[in-house]
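Here you get one chain, nothing else, as structure tokens; it is the form predicted on its own.
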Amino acid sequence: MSQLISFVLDGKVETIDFHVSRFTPTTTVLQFLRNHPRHKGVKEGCAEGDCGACTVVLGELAPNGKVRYRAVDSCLVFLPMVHGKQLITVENLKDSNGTLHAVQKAMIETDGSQCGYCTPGFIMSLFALYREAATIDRAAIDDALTGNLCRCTGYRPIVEAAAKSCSSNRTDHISASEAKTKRLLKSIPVKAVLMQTPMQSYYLPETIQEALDYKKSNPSTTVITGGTDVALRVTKQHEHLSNILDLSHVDELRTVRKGGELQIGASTPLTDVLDVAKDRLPALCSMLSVFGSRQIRNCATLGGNLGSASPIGDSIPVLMAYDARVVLQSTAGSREIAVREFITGYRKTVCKEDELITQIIFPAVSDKANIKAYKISKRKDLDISTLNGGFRLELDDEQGVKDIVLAFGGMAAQVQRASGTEAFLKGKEWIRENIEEAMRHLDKEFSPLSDVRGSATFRRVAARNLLLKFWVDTANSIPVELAKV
């Protein structure tokens, strides 16, 4: 088993041996680059994935044989996570003659930079857009820049730079050297890596079986898939993680299988989940479109969001509404648990010490089911939920409530269904009079806390209003004479 990590940087393979390196396995890519003599362009702003000043781009071999480029927040990526990938920074964008990249030229020509502190991060987000976007329109540009904060220039010239640089023939020296990059990436051995220092163990398996064996032997290990949540324990809380099991390189956990049921690997980046959800799971797509930023979604996973069991986890209420199931696997076998039953308390789940989340399964959705997802936060983009909801409604032929799910996040110590309100509504007509009565029932179901994101009173009012909004949204799809608006 290897103890070294290797990645492509500056057109060659760079290898790190943590036994002799001054870096540790939980050194972030940002910290590594800031200590690198030729990569000082990347900046630290917030160290928690909120400002984008540290944005870099990772290239990795895709199943189609091409190199796929993703922008990520380097402050949330541990060094072992770039094993077998290409690391691209702002210094790599100019060609061998010193000619600036098209996105760099456009930023200059549109006056897109003032103090310049945030500029390298914007440049890298624009580069990822330049390399990967199928269509360049205002929506794509806004999505690409959502994770980057500018405090002085203003976004208009930066948006202009994006439109100007990405509208032309999108070829550059990065694409011209892609054949060489692929050879270098393929030269890095594909096998499990166990990095052990006197203070830490960091295991990067390549197969599910390797991961399960390690989890059985190390039941208290910290499991990460994308690391966007766990990394904050290191960068903000300065916690020492002595043992880590990183599932980000297990291809079997990044597989999407389409059929009667949709099976999504627990380590599939949310960017890929969102692409799949557009056609089959519109409510999930709606929620994921305001989940963090593109940099966050390029790392974060459904498995991680579920496993963290956060009371405001954005995906959890809508997963409940879809009646999704979680596959838990150990060396002894696997079992399936409904997401509705998976979380048992604050940051607690039914997952046993030797089990890993390997899949999330979405059953086929009935044509009669109306599923919606809602998120209330202080900002539309890149913000933590004050509260959120995942709702599902099925009516019978007389427009009575046949089945209903009202799942709320941010209203209790865990994402929780309003079971009493659901019971009240079942069998009743889906009319405003009954909804207003249900709102009074809902008010009694939760005892939310007040915090910096919102008061308990606000949360109660907002939860009631979300139920009313759900009725309005669904009533609009029912014939007026039946909806009784």
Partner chain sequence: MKGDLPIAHESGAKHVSGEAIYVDDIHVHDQLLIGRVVYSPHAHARIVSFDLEKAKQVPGVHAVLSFKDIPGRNQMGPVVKDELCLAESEVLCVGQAMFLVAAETEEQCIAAERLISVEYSPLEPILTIEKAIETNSLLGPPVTFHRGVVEKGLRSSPHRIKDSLHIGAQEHWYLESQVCLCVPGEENEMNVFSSTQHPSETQSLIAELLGVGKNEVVVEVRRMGGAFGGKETQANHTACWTALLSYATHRPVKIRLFRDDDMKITGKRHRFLSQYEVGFDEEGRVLALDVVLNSDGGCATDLSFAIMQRAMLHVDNAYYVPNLRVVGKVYKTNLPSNTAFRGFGGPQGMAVIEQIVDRIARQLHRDSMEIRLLNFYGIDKNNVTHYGQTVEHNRLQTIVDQLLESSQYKARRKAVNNFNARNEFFKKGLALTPVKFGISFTTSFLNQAGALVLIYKDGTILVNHGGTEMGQGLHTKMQQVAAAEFGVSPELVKVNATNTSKVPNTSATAASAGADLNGMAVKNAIDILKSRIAQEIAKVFSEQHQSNPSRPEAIEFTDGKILDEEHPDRAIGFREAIPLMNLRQVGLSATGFYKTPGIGWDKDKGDGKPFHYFAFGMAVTEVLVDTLNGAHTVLRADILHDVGDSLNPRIDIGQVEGGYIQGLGWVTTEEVKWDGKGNLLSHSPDTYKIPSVQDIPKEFHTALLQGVPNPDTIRRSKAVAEPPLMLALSAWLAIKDAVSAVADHRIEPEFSLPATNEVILLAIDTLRTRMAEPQIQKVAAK
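Numbering follows the first chain given and starts at 1. Quick caveat: nothing in here was measured; it's all calculated off a predicted structure.
Another form, the form predicted in complex with its partner chain, is not on view; read the next lines as being about it.
Not displayed here, its partner chain is approached by Y117 to within 4.5 Å at the level of heavy atoms in the model of the complex. Although the partner is absent here, T457 sits close enough that one of its heavy atoms falls within 4.5 Å of its partner chain in the model of the complex. In the model of the complex, at least one heavy atom of Q104 sits within 4.5 Å of a heavy atom of its partner chain.
Taking non-hydrogen atoms only, E44 approaches its partner chain to within 4.5 angstroms in the model of the complex. If you check its partner chain in the model of the complex, you find a heavy atom from every one of P37, T153 and R156 within 4.5 Å. Among D50, E429, E445, E422, the residue placing a heavy atom within 4.5 Å of its partner chain in the model of the complex is D50.
Scanning L382, C299, V82, L129 against its partner chain in the model of the complex with a 4.5 Å heavy atom cut-off leaves one residue, L382. Residues with any non-hydrogen atom within 4.5 angstroms of its partner chain in the model of the complex fall in just one of 326-334, 172-180, 370-378, 190-198: 370-378. Residues V90, E91, K94, L100, Q104, M107, I108, E109 of 75-109 are found to place at least one heavy atom within 4.5 Å of its partner chain in the model of the complex.
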